[in-house]
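This document starts with one chain, in the form predicted on its own, laid out as structure tokens.
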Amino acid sequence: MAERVSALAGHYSIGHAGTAGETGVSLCDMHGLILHQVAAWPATLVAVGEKAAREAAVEAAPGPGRAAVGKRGALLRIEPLKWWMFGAAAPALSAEEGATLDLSHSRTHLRIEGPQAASLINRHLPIDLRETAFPVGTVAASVLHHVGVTLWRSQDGFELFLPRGFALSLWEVLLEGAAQFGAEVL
């Protein structure tokens, strides 16, 4: 298997950026991404959802726009007939049941956290990120500078999945915006 190298390698400097002494936002390039897409056909949606839930060790497959975290990974419902399995292997499916696709090498995973994380993200994504509208366990597909991205609010912060080919330019945009809050790059 090919060794994964971050799309941000060589352009990622750990340390503080922006407002001196303040840290309103922490940004981290999360390495070792394991991400599989699991797609079902309309007639097999329930059965495929049950298989995916068992694989991630979650109680039940989440509904659209929601995530469920289990002992072996998380299951994110990104579209009506699709889930992303985060940190877990995809279940074995026959062609009659659905299809799986390994997305691990195609995405860059960033974690954004801190008291100003939602403010930073809201400067770029047209999503209401208030806790009442976008609580922990919510997933949304959106755009960041005309590039399709996926955002998940996990227990650890905001998990942002960027297409690998656009990761560096989007990272620069986010880091520049984070500087106004005082950014810590971890």
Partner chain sequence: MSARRLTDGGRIDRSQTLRFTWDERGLSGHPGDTLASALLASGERLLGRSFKYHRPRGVMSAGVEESGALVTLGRAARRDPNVKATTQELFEGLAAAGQNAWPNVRYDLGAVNGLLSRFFVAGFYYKTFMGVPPFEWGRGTGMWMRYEKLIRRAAGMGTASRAPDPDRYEHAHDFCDLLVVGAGPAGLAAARVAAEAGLDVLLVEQDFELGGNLLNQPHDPAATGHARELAAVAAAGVRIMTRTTAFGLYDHGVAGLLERVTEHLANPSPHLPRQRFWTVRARHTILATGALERHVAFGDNDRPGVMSVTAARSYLNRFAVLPGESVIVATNNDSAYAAALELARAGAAVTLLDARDTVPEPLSTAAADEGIVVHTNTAPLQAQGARSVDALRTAVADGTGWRTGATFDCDFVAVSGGWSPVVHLHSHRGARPVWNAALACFLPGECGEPLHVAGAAAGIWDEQACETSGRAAAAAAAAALGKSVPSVSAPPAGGWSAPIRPLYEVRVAGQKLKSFVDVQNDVTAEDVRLAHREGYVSVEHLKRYTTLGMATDQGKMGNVIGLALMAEALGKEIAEVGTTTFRPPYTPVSLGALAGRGKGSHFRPLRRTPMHDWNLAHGATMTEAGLWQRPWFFARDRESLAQAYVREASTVRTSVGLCDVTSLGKIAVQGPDATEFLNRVYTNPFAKLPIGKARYGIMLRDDGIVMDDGTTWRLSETDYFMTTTTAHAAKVMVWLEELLQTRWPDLRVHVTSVSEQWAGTAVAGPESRAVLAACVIDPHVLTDESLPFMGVVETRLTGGIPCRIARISFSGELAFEVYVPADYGPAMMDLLWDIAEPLGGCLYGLEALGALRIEKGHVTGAELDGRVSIDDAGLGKMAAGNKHYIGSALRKRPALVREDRPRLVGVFPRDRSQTFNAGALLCRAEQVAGHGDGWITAVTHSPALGHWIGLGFMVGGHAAWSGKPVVAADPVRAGNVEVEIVSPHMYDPSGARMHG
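Residue numbers count along the first chain shown, from 1. Remember, it's a predicted structure, so these values are computed and weren't measured experimentally.
The next section is about a form of this same protein that is not shown, the form predicted together with the partner chain.
S.K.: Thinking of Leu81, Pro126 and Gly165 as the candidate spot, does the partner chain come within 4.5 Å of a heavy atom on all of them in the predicted bound form?
M.R.: Yes, all three are in contact.
S.K.: So in the predicted bound form, is the partner chain close enough to Thr100 to count as touching (4.5 Å, heavy atoms)?
M.R.: Heavy-atom contact with the partner chain at 4.5 Å: present for Thr100.
S.K.: Hey, in the predicted bound form, does Ala40 get a heavy atom within 4.5 angstroms of the partner chain?
M.R.: So Ala40 counts as contacting the partner chain.
S.K.: Against the partner chain in the predicted bound form, would Ala95 count as a contact residue? Criterion: heavy atoms within 4.5 Å.
M.R.: Yes - in the predicted bound form, heavy atoms of Ala95 and the partner chain come within 4.5 Å of each other.
S.K.: Taking the shortest heavy atom distance, is Val147 within 4.5 Å of the partner chain in the predicted bound form?
M.R.: Looking in the predicted bound form, residue contacts with the partner chain include Val147, since a heavy atom lies within 4.5 Å.
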